[in-house]
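One chain follows as structure tokens, the form predicted on its own.
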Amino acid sequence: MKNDALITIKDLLVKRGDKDVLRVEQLSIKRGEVLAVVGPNGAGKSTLLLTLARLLSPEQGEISFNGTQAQNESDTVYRRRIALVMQDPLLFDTSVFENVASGLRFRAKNKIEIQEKVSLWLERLGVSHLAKRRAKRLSGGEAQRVSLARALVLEPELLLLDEPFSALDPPTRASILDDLGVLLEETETTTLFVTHDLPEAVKLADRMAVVIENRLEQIGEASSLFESPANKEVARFLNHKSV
């Protein structure tokens, strides 16, 4: 993994109405790493992800993408650099193949490239046998695998995952986590992974960022966070969870 940062955030403030919903003094996401954002419900984890997805606008602060101010890029250009996977797969009512191909068609890729890339990622996510099945006939785990294939086929510079496994049963979740971990390592895809599940974070991520009461409190490798929490709030959150 390279040490340089793909994303750098400084003095970020996000508000909803008159309420501060997220403060981040400084955060760097290293190129090729998986960063898990953890914290209690309502702490502001998804707010960080939605801000990076440009679905929320910050009140103040700077976000640099590969050394360039992200605010200087149009929404269209910026969003072509990222891919987003939510808890609900939100698939189109078409075939699995067409769902995975949709982003490539939007980017006006040719038919041969679409066929090759979609087939590759359906195989990598273990759903090539479902290529002709309509999305509404998929199980929850199958649908989430298709959603991941639809994101990764775009070869995004930044992959954003917002609690994508929380609705799945434990065996399905564990299987997808295993496969995704291998794929992210192989492709060196920079990933921000929001989860309320500490075992998921420890399993998938290189580092964890702890958000407590709408503020980023600490970031580091899991072992260092558990051994040396930055304050009582972080310690309380980590100690109330088992890993």
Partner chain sequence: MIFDAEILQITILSLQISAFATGISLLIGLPLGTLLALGKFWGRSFLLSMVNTGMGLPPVVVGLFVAMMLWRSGPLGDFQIIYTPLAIIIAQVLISFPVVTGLTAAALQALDPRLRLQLYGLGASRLQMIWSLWREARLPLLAALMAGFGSVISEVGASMMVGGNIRHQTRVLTTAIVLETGKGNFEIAIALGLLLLLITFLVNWALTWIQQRGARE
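Note that the coordinates shown come from a computational prediction; the quantities given were computed from them, not determined experimentally. Residue numbers count along the first chain shown, from 1.
Not on display, but discussed next: the form predicted in complex with the partner chain.
This chain is drawn without the partner chain; in the predicted bound form, the residue among Ala131, Leu154, Ile114, Leu168 with a heavy atom within 4.5 Å of it is Leu154. With the partner omitted here, the residue from Val96, Val118, Leu125, Ala83 that has a non-hydrogen atom within 4.5 angstroms of the partner chain in the predicted bound form is Ala83. The closest heavy atom approach of Gly141 to the partner chain in the predicted bound form falls outside 4.5 Å.
When contacts are judged by a 4.5 Å heavy atom cut-off, Thr172 does not count as touching the partner chain in the predicted bound form. At the 4.5 Å threshold, heavy atoms of Ser74 stay clear of the partner chain in the predicted bound form, well away from it. Proximity of Arg145 to the partner chain in the predicted bound form: non-hydrogen atoms within 4.5 Å are absent; the residue sits far from the partner. The candidate spot formed by Leu55, Arg107 and Arg150 lies fully in contact with the partner chain in the predicted bound form, as each residue has a heavy atom within 4.5 Å of it.
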